[in-house]
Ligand SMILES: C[S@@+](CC[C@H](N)C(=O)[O-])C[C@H]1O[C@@H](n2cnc3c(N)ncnc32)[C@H](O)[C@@H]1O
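In the block that follows, a single chain appears as structure tokens, in the form predicted on its own.
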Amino acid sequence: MTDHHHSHDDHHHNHGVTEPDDSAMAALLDLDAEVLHTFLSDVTSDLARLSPDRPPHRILDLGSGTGAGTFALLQRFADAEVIAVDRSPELMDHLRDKARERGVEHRVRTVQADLDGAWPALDTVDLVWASASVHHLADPDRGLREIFRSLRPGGLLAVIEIAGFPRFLPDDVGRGRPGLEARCHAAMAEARAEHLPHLGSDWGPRISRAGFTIEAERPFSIDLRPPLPEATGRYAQATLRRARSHLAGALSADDLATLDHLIDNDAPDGVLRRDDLHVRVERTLWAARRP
């Protein structure tokens, strides 16, 4: 289970379909964490407020990808250890390398597992973090029941889900036809309806049916305007490049040519050099407690 898949929508650390290029996915996930670090800080701060008397010590990160959630949680909870679970061996290797670079390898354990199969045998934990991952499960209701069993009584579940991949471009971008990014989103949404039917679900009722008590539901409208972090251009390029790989046949030849130009490393007005990028992302946190 990877915390992401297809671009971002399918981004956010994933499951269900083997990634054709995990190295590209690793770069995309790292850029997402770098550009949206404030969002991660806000979410972990919310979880800390929900655990004032008993901060989590054992944490399970499901669909950990390259560790955006793992490292945000380790920073927030100084005494915590994280079990990071993902389907991809390459992303697991990348996460372990990052843990060593940050000097926290002794606080991280990695487990490779396909959560549509046998659930890994793990000790009970205090907090489960599932960021952009439960919608990739073939049977998310079964997954939530397994999560319930993994948590100690009183433990917390944090489900973070996405509405789609981020938007970066001004509305007037498009060769003779404004609205290129909107058309990309529409085409991706049509493809997702078949391959990711659980994306965009209302997770509150499903979490409650699994036995949890919902303690918080918080939407995040992330809106980053210039001046933006240096990595933003590379983040936009990686996201649009991944989207492009799924859009052949879904967009006009002119739209595909414009998209190819925008993600070209050498294009003078490509996303690597534009000063009018604007990052817009919608994500929602559901925090729930096992009674």
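The first residue of the sequence shown is number 1, and the count goes up from there. Bear in mind the structure is a predicted one, so any value in this text is a computation, not a measurement.
The following text describes the form predicted together with this ligand, which does not appear among the structures shown.
Although the chain is displayed without it, this ligand can be placed by superposition from its pose in the predicted complex; doing so yields three or more atoms within 2.4 Å of backbone or C-beta atoms, and the site is blocked.
Comparing 210 to 218, 71 to 79, 146 to 154, 114 to 122 against this ligand in the predicted complex, the single stretch with non-hydrogen atoms within 4.5 angstroms of it is 114 to 122. Thr110 falls outside the set of residues with a heavy atom inside 4.5 Å of this ligand in the predicted complex. Put simply, Leu29 is close to this ligand in the predicted complex: some heavy atom of it is within 4.5 Å. Of the heavy atoms in Val159, none are within 4.5 Å of this ligand in the predicted complex. Shown alone here, Ala84 lies farther than 4.5 Å from this ligand in the predicted complex, counting heavy atoms only. Contact with this ligand in the predicted complex, defined as a heavy atom within 4.5 Å, holds for exactly one of Ala99, Val128, Cys184, Leu137, namely Leu137.
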